[in-house]
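For reference, the chain that follows is the form predicted on its own, supplied as structure tokens.
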Amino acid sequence: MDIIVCLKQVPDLQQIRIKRETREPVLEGAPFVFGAFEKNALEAAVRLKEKHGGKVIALALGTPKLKENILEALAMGADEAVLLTEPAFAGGGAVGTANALAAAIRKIGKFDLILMGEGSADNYSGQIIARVAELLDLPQITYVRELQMTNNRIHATRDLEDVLEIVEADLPVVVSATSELNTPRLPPLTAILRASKKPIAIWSPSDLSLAKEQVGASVAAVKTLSNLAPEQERKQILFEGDVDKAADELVKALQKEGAV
């Protein structure tokens, strides 16, 4: 069973600072990571491989620093990796990203299952799964919280908030993972050391027969006009003295502000 797992490199949201004067996020110096949903997808792929055999290919799009991040995916159990790191891929939004991933999957050629995260940790547009499935003319199963394979058919439980839906599909199929699907493993030191010896390919748009009009900022359908943190005003009120009295004053202050 050959499985492709699509991974997106994003800034670590826990490390992003906000400029106090402008409320803009400071991305410079923030480390890059793979999102939590992508790790759920990768863990699901590795478990299926361990049970049914086959190979897991990690397909990742991001900056040149992706060469460092991909070692984590290889240590978790991916057998090889394909990286799309050229600046020409950057800024393409959902359209450019889907074009690049679909072209890379076509070039990989042999696969039975494509796994993705439910949404990326930064933009969370939720469009990539559907776009890639459409470009490859494949069925898709989204919001999957349980996943099994029997007799070359995928059995999945979809989480639709107020109801669970159980579906089946023949391979190949595109599947998106939720956080309920599993708990991603922490690779041991031995796996981390072996990861650097696994095959890693780096492909450019020309390698994928993509024109510059199909990837990058020129193809982005959505333009970001601003990205600002919510305004926050601190009252800077300090309650001192007796605890019970201070607690009463705090409650009255919150009631006055309409917070309680």
Partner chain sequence: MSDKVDVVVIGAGLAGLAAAYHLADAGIETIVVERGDFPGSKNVTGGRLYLHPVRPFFPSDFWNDAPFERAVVKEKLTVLADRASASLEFSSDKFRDEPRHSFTVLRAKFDQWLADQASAKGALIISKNKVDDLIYDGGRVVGVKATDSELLCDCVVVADGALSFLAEKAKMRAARAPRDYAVGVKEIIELPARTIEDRFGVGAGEGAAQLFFGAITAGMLGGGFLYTNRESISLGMVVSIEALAHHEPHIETPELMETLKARAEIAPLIDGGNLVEYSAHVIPEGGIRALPQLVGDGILLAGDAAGLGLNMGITVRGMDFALASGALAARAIKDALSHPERNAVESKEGAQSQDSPLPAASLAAYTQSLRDCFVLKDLQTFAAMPNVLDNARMYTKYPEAIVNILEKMFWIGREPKDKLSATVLREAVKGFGNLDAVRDVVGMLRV
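Nothing here was measured: the structure is a model prediction, and the numbers come from that model. Numbering follows the first chain given and starts at 1.
In what follows, reference is made to the form predicted in complex with the partner chain, a form of this protein that is not presented.
Trainee: Report the stretch among 103 to 111, 154 to 162, 183 to 191, 89 to 97 that approaches the partner chain in the model of the complex to within 4.5 Å, counting heavy atoms only.
Mentor: Partner-contacting stretch among the options: 183 to 191.
Trainee: By the heavy atom within 4.5 Å rule, which residue out of Pro230, Gly29, Gly53, Pro199 makes contact with the partner chain in the model of the complex?
Mentor: The option sitting close enough to the partner is Gly29.
Trainee: Identify, from the list Leu208, Val33, Val219, Val46, the residue with a heavy atom within 4.5 Å of the partner chain in the model of the complex.
Mentor: Result of the distance check: Val33.
Trainee: Mark Lys65 yes when one of its heavy atoms lies within 4.5 Å of a heavy atom of the partner chain in the model of the complex, and no otherwise.
Mentor: Because a heavy atom of Lys65 falls inside 4.5 Å of the partner chain in the model of the complex, the answer is yes.
Trainee: Do Asp12 and the partner chain come within 4.5 Å of each other in the model of the complex, heavy atoms counted?
Mentor: So Asp12 counts as contacting the partner chain.
Trainee: Residue-level contact is defined here as any heavy atom of the residue lying within 4.5 Å of the partner chain in the model of the complex; does Lys19 satisfy this criterion?
Mentor: Residue-level check for Lys19: yes, a contact with the partner chain.
Trainee: Although the partner isn't part of this model, could you tell me whether Leu71 comes within 4.5 Å of the partner chain in the model of the complex, counting any heavy atom of the residue?
Mentor: Looking in the model of the complex, residue contacts with the partner chain include Leu71, since a heavy atom lies within 4.5 Å.
Trainee: Can you name the residues of 226 to 260 that have a non-hydrogen atom within 4.5 angstroms of the partner chain in the model of the complex?
Mentor: Sequence-ordered list is empty.
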